[in-house]
Structures are given as structure tokens and as C-alpha cells.
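What follows is one chain in C-alpha cells, specifically the form predicted alone.
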Amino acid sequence: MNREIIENQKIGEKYIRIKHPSGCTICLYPMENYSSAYALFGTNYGSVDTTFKTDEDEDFVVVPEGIAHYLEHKLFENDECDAFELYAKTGANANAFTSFDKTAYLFSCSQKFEENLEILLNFVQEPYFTDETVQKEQGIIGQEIKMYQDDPGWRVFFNGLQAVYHNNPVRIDIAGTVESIAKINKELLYRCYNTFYNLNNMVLSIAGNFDVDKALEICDRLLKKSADHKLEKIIPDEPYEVKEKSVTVKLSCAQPLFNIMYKFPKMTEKEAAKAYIVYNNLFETCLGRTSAFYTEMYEQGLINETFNVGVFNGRGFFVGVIDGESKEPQIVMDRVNSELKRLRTAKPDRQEFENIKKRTYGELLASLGSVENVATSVLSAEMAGISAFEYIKLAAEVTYDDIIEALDKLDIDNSCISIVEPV
């Protein structure tokens, strides 16, 4: 069993990373003096993974959009009960989520950790799909899709992604469409399960108060050895330019919502990690709530306290996002772009940058005080091929010159605005 210690000596934190004989990567982050434990069993498989092949396939396979989310829903059930019933007996809180690039099943508990871990490892490795249960789920997920279509905050974001991207599956709702999920059957679910729930594509991340040796004993007993079938995933080629410059819909809301998005070229995971820190610092320094720009725009009534800046990224996609509410969203976009262009000459406030840098670093350190945040960040980092301490390291190292260079590189005109107006 290949065991290594991942450590950041500067902050005095470390965790154990194990490549288990089953193929699974196990990350264990014991935290003394905590009363609870948090575990995630995840697969490097999300809604963008609709085109793939293994060494058993002659060519790439294309599956319906939304199938990763559909599979997550169905995996909790077996022919006797569902996993939630088992967790109810132990007192654990259990859940699952599907994102654009990963799916994870999780629990938190303050007692019976070993029993809860056994439940987690068992049900995720025991799929049970029938024609009847698969068909029943189509109606449930169809209603979920329709509900989100009527949610202004959800629509303004996804409409923005659809305006940014031509081909990348991130432009499609994680749950898919009513039409795409109608194509899902048990054979497709088993196909995707056997491909992506191979333990060579999975990570078990545990943080908090638990016994490392007992956790590994359970893993040795329950993790089923998987052959590595050389899984390949394809994200379609994407043009550099945004697909549309503007998109507007009308829904029931109090006042207009907007998302301004800046499109970035494709990056490696390590490039994206550094860009995430640099551009978050850049946007906060130039436009964030402690900036002169925010104060001026707020006093003029063009934005309110919902105004937010940041970065949205994952495997195969990276966008800068400015969002909020405004009666004049197009004016807000024009003013934002003008300010970014002005600061290329005038330069961002250096002291403001130093304050943002300290705040960012402090928030990342503070997140290590939460067993949920620790376990989740370890899982995400492992799937991205980086250390869980990488963002902390990058936040400590980012410089004023980094954000000056980033501002010069930012293609301000390669952007779009998504607006939801009140009916």
C-alpha cells in the first residue's frame, strides 16, 4: 500500500494519502479535539462527462446529458431499502451531490463512525437499477429541472454559461433536460456506473475525529479491487470567443438580476489553481466591496449589497463572474469594463491588494477549522491532481505584479452579460 504524508510545514497541517490496492485513492485527515467526522466517497465524474471511452471500447461513447446526476439519485436504492434508512438508524447526516466535474456521497457523524463508513462503502459499490425504478425517477428529476428553470438566480447563471460556451457541456444544466433524461435507461446507467465508478477513478476523503487504523481496516475489507481500464474523457473543442454577447429573459423577480462573465482559454489544473487565486484577488481589489469602485456604484444606486465578484472554474472551464441586482445591468457592465480598462493605466490600489491578499489567506486558513471544508477540499484537490494545501500556498505567494499582469492579459471584450428581468 503506497502511503505518503502531504504536509504544509508553514501552517503545521498534514494528511495521509494512500493509493489503495483496490485502485481507490484514500485521503485521511485526522483532526484532534474535534467531536465529529466527515467522509466523502467521490468519483471524478460530473455532468460534463458525456463523451468517454475505455480500453474496452472501440470508439468514444456519447451518453445523454444529465446521466451523472440521474445515477447519483438512483444509487441510494437497492432491492431491500435505501441508504438513508440505514443512516437514520446510526444518527448520521447523509447526502450526495453532482457537480459539473464530480459526484460524491457523504455523511457526517459524532458517533458510530465505523458503522457509517461501512454503509457508505457498501451502497456506493452495489448498484441496483430496474426498468421500473429508472422510469419512476424520470418524473421526479423532470420536475426538478422545471423547478430550476423558473428560478431567476439559477437561470441567470446558466443562461450566462450558454452565452459563453459554444460546445462545452458546462453550458447544460447539471440535471440535463427533460428531453435528455427521457433517453436514460438501466443499461446506460450500468454502463456509466461500470465506467466511472471504477475505484481507479474514485477518492475516499475523511476528516475529523476518527481512528485511522480502523478506517483502513474497513477499506481493506470492503473496497473491491478494480482493473484500470484507462478511462479517457473528452471535453469538446471550444472556440476562443464567447457564443453570445448578451442574453435576456423575463421571470418573476423583484428587480433585474445580472451575471457578467469573462471567458478564459482552456487551462491545465495547476494553471487554473493559480489563476483562481490571482483573478479572485484582482477582481476583489478592483471591484470588490472595499474598493472605491464599489462605493461609488453603490452610492449612485447602480448596485446593492448583492454585488459579488469572483471566479467559477472546474475541469475544462474557467470564467470570471460579476453578478448581482441592478435596475440598469447594462450600465453596470459598461462601468465595470471601463474601470478594468482604466486601471490598466492608473493601476489598482496596492494597499487594497495587500488587504485582499491577507483576507484571502486568512479565509483559507480559517476553513481548516471545519471538518466538512477540510474533507471536501481534500477530495476536490485530489481529483484536480494538486495538494489540498495548494491554494493556501498560492494565496501566500501571490504578488501585486501578478495581478497587474493578469489585468493586462484579461480579454475584457471577450465577455457576455446574462440578464433576468421582472415579468
Partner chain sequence: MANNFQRHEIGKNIYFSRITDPRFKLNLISVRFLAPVSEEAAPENAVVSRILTKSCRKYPTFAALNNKLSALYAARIDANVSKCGDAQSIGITVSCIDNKYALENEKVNEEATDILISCLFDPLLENGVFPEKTVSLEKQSLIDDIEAELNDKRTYASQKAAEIMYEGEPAAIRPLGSIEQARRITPESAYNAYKRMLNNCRTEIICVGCSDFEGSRKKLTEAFMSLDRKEIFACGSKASPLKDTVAEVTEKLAVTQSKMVLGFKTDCKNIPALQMMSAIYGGTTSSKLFLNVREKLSLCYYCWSSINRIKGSMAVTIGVENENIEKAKNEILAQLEAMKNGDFSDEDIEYARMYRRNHLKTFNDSLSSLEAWYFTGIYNDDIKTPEEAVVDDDKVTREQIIDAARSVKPDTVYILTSEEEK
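What you see is a predicted model, and the numbers here were worked out from it, not measured in a lab. Residue numbers count along the first chain shown, from 1.
One more form of this protein exists, namely the form predicted in complex with the partner chain; it is left out here, but the text below deals with it.
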{"query": "Which of 268-276, 239-247, 123-131, 320-328 sits within 4.5 Å of the partner chain in the model of the complex, heavy atom basis", "finding": "320-328"}
{"query": "Residue 423, heavy atom within 4.5 angstroms of the partner chain in the model of the complex", "finding": "yes"}
{"query": "Contact flag, residue 356 vs the partner chain in the model of the complex, heavy atom cut 4.5 Å", "finding": "yes"}
{"query": "Residue 299 within 4.5 Å of the partner chain in the model of the complex, heavy atoms", "finding": "yes"}
{"query": "Residue 185 within 4.5 Å of the partner chain in the model of the complex, heavy atoms", "finding": "no"}
{"query": "Selected contact from 312, 193, 294, 105, since only one has a non-hydrogen atom within 4.5 angstroms of the partner chain in the model of the complex", "finding": "294"}
{"query": "Interface residue in the model of the complex among 282, 336, 261, 257, criterion: non-hydrogen atom within 4.5 angstroms of the partner chain", "finding": "257"}
{"query": "Interface residues of 362-401 toward the partner chain, as seen in the model of the complex [heavy atoms, 4.5 Å]", "finding": "362, 363, 365, 366, 368, 369, 371"}
